[in-house]
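Given next, in structure tokens, is a single chain: the form predicted on its own.
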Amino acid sequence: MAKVVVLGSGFAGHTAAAYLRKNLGKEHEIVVVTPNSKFQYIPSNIWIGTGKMTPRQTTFPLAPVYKRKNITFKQAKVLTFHPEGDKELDKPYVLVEYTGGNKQGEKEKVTYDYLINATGPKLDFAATEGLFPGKNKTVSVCSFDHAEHAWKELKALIDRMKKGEHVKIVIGTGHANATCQGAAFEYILNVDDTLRKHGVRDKADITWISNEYHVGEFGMNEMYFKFGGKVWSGQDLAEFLFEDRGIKYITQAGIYKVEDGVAYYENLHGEQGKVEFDFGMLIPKFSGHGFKAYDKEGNDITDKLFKAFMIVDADYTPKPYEEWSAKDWPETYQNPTYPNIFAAGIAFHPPHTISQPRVSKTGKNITPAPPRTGMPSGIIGRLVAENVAHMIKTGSKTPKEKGSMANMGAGCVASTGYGFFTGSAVVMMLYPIVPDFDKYPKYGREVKSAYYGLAGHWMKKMLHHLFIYKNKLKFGWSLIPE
């Protein structure tokens, strides 16, 4: 009998646990360790943050799902990693602390034969001075409770606008190395849509601020797609949507401090600037959790497992941007020192950014981190789970399947407004996620067709219900692709 421990219950972790259970017999134990009691469908947080949905519509409790599928559930957070055990326990384990239930506050050594780290990012608000949801007129949509608070504040702002007050709204990235521009992009367009439906859009100045080199870059090193019989760039699309809606934009901006209604930034020219606001939603930097690892003798071996995020089979050799290659990216997500440890989703350390790194004239790095959320996380979670199941069944130490983000596609359905008859969304496919200029010399990727309009909104709404169903692991769940 083998015991597999999965750390985390987001897209990567939850998917990994589900496929482990699907591919392994009941004699094998699957354990999920996560500090959260609920699964949250994060893509719909933008709709919570504009009052179109509630957390109840986007979350569900994990315990009943895991009990039904014979998966052990421990609501706990990871403290330290011990891949060789210790002097008292001759088995690899992770030290955890319970965050809920009748064991809250207790610590436990959770042993494993195989470990999948899918702990995701730390929402590092502290990396930007003064940035934290609920302080200095800022909010967040990074979690369902943050998004619920964002709607409360936005609704209060709308009430002020209905009384005749003119306000300033700022949405974008709150750190020079933040990622997840896509979520902020959806949110700013949905805020614009919400103000229009409340009849107060004329009372607001809305500004986009981002660390992207230009709008629509999203940390993806340019995007191109076919739309209306011509090739568009992400910049073309974003500028069209912003200018059509009267949204101003500031790019190449690394925010380093937030005060009461003021965000201070530096741009690539080394110039200092500030933007004032009554309501600000600024995505924080995503950081590693700062985990420590120890060998059997208690020596610190963190550098064998982590470089902020977990070390996997990527090429981490420092090299100039011009020498970066699609081949640098991991294929199995297996730790090179401990072959029974894998990382999935945001938990793995990327070899470098996807966008070209850029430094301001004063030496400040203003470059988006590589996005690894949503569909890629689910695909990697499934890949890792199937490889672990293969290794258990065959006794092999080598994974069977490979799946680099440089040969992996992703679908994007970006909401630009909510409503059965009045909603809209942009639908596009990206392949591969990491550009491969050897294979696709002109654009680095295949140029796929895109769609913009009401049907896009219907698709995004359909995906919301489809993936809630899938992640509840109901009948036929595995037939729905990641």
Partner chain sequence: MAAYKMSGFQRFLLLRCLIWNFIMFVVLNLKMLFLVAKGHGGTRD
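All of these numbers come straight from a predicted model, not from anything done at the bench. Residue numbers count along the first chain shown, from 1.
Although not depicted, the form predicted in complex with the partner chain is the subject of the following passage.
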Worksheet entry | K285 within 4.5 Å of the partner chain in the model of the complex, heavy atoms | no
Fill in: Y321: touches the partner chain in the model of the complex, heavy atom cutoff 4.5 angstroms
no
Discussion item. In the model of the complex, does E446 come within 4.5 Å of the partner chain, counting heavy atoms only?
Written reply: yes
Item to complete: Answer for A455 alone: is it within 4.5 Å of the partner chain in the model of the complex, judged on heavy atom distances?
Response: yes
Discussion item. I need the one stretch from 64-72, 51-59, 30-38, 419-427 whose residues put non-hydrogen atoms within 4.5 angstroms of the partner chain in the model of the complex.
Written reply: 419-427
Worksheet item: Looking in the model of the complex, is the partner chain within 4.5 angstroms of a heavy atom from every one of R201, I209 and D436?
Response: no
Discussion item. Only one of D159, E243, D260, E297 gets a heavy atom within 4.5 Å of the partner chain in the model of the complex. Which one?
Written reply: E243
Discussion item. Can you pick out, from V78, M408, V110, A308, the residue that has a heavy atom within 4.5 Å of the partner chain in the model of the complex?
Written reply: M408
Fill in: Within 458-474, the residues that have a heavy atom no more than 4.5 Å from the partner chain in the model of the complex
W458, M459, M462
